[in-house]
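In structure tokens, one chain follows: the form predicted alone.
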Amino acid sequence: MKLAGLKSVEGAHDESAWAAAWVPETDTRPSLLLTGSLDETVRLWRPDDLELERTSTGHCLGVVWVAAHPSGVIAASSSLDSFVRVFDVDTNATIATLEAPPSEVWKLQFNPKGTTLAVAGGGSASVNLWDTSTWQLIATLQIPRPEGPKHSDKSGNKKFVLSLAWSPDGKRLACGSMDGTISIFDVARAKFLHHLEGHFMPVRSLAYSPIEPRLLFSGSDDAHIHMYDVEGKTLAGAMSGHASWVLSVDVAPDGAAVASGSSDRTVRLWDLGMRAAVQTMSSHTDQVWAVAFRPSGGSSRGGRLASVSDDKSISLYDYS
């Protein structure tokens, strides 16, 4: 497995780029790359040449995260303005605007069937679930405080929810917090199941394996990437090599590798069989906030990985 740099676009945004997600192809167009930035815009790029397709506006503060619906027709963006904007990918028409209190919107992700949008509730230590047919709030999952002396902080800010990930079957939702814990929920019952521990600093990113649905990967400010057996409640492995915070992780469609982006300005590719980094890419000059593999399927050929950075650029890699 390896990455090969295809193209980088300097000044892809006017400010730091924090978010990246792939929009699935539809009957009328190929897949697109979605990026979000502190310049308040969401931009759509063609997947092989990184030509700008269009710029979507609608937020009045920086865009923190973006997510695409499995249909490829709509997408959602979260912003520091405390709103989630749901919009039509091809027309930029606003489908829904979901409001949250200040600092309450961070990561967001559609479930695999596209029926529910999960929004990490930031400082409220909760995750809100929205029905995508009515855009009504259907559940709020409260993050319980782990037991033990290292979790005795009474200020509550350590429970700030930074990251989330749906299991491939949509039955479980994993939520990463500022205190380093990961909470696992049974979504249908809106029930907390258990914590996964091992990190002692903020968990910035989570990603399930598309091949092994029990496996969950996490990236943390402790510079480590962890691999958990979610059902067995165990830490199955750890990978180290970044010199600073791991801000983003994503699992390759073949399940054989993980990509990570870090504040050490690098993108790394990790072989899961070897549990080691096999490649380090240094196309960025500032911290890398997001890495995203293009999902397999459809007419797209060749694996793609995208990364975005505080340096305002996007880099595209071939994954093989």
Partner chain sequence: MACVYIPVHNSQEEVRVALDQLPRDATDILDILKAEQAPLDLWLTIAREYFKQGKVDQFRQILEEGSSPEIDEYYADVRYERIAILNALGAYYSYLGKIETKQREKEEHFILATQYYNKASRIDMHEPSTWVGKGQLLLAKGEVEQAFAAFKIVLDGDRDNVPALLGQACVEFNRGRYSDSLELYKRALRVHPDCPAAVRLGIGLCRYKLGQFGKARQAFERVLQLDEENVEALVALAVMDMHANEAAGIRKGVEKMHKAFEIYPYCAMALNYLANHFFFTGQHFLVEQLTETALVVTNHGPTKSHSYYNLARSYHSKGDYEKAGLYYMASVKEVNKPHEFVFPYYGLSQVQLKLGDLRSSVSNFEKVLEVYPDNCETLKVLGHIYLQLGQFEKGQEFMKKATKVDPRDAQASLDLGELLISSDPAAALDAFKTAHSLLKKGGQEVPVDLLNNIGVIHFERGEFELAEQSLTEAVGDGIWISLIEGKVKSNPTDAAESVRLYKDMKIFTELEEDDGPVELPWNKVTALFNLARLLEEIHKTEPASLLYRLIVYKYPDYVDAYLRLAAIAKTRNNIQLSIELVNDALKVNDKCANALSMLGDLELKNDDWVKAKETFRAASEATGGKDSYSTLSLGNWNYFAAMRNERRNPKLEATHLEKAKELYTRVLVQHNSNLYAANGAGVVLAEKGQFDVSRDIFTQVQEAASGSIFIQMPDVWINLAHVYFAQGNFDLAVKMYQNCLRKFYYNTESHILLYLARTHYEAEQWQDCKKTLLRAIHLSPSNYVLRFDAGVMMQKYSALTLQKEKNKRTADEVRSAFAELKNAVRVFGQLSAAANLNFHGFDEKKIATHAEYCKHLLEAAKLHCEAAQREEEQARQRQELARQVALAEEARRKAEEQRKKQLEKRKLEDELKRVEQQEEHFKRVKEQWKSSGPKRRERSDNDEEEGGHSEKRRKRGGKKRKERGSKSRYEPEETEADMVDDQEYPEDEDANLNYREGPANETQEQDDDEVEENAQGLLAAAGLEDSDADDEPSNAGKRKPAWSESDDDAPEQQPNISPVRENSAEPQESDTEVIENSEKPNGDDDMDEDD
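This structure is a prediction, so every number in the text was calculated from the model and none was measured. Residue numbers count along the first chain shown, from 1.
Keep in mind that the form predicted together with the partner chain is missing from the display, and what follows is about it.
Examine residue 140 and determine whether its closest non-hydrogen atom to the partner chain in the model of the complex is within 4.5 angstroms. Contact check for residue 140: no, nothing within 4.5 Å of the partner chain in the model of the complex.
Heavy atoms within 4.5 Å of the partner chain in the model of the complex: does residue 243 have any? Looking in the model of the complex, residue contacts with the partner chain include residue 243, since a heavy atom lies within 4.5 Å.
Taking 4.5 angstroms as the cut-off for heavy atoms, does residue 224 touch the partner chain in the model of the complex? Contact check for residue 224: yes, within 4.5 Å of the partner chain in the model of the complex.
Would residue 285 count as a contact of the partner chain in the model of the complex, using a 4.5 angstroms cut-off between non-hydrogen atoms? Flag for residue 285 set to yes.
If contact means a heavy atom within 4.5 Å, which one of 25 to 33, 42 to 50, 251 to 259, 287 to 295 is the stretch that engages the partner chain in the model of the complex? Among the candidates, contact is made by 287 to 295.
Since the partner isn't included here, can you check whether the partner chain sits close to all of 145, 198 and 263 in the model of the complex (heavy atom within 4.5 Å for each)? Contact check passed for all of 145, 198 and 263.
Work out which of 208, 160, 130, 87 lies within 4.5 Å of the partner chain in the model of the complex, going by heavy atoms. By the 4.5 Å heavy-atom cutoff, the listed residue in contact is 160.
Going by heavy atoms, what in 67 to 85 lies within 4.5 angstroms of the partner chain in the model of the complex? In sequence order, 80, 81, 82, 83 come within 4.5 Å of the partner.
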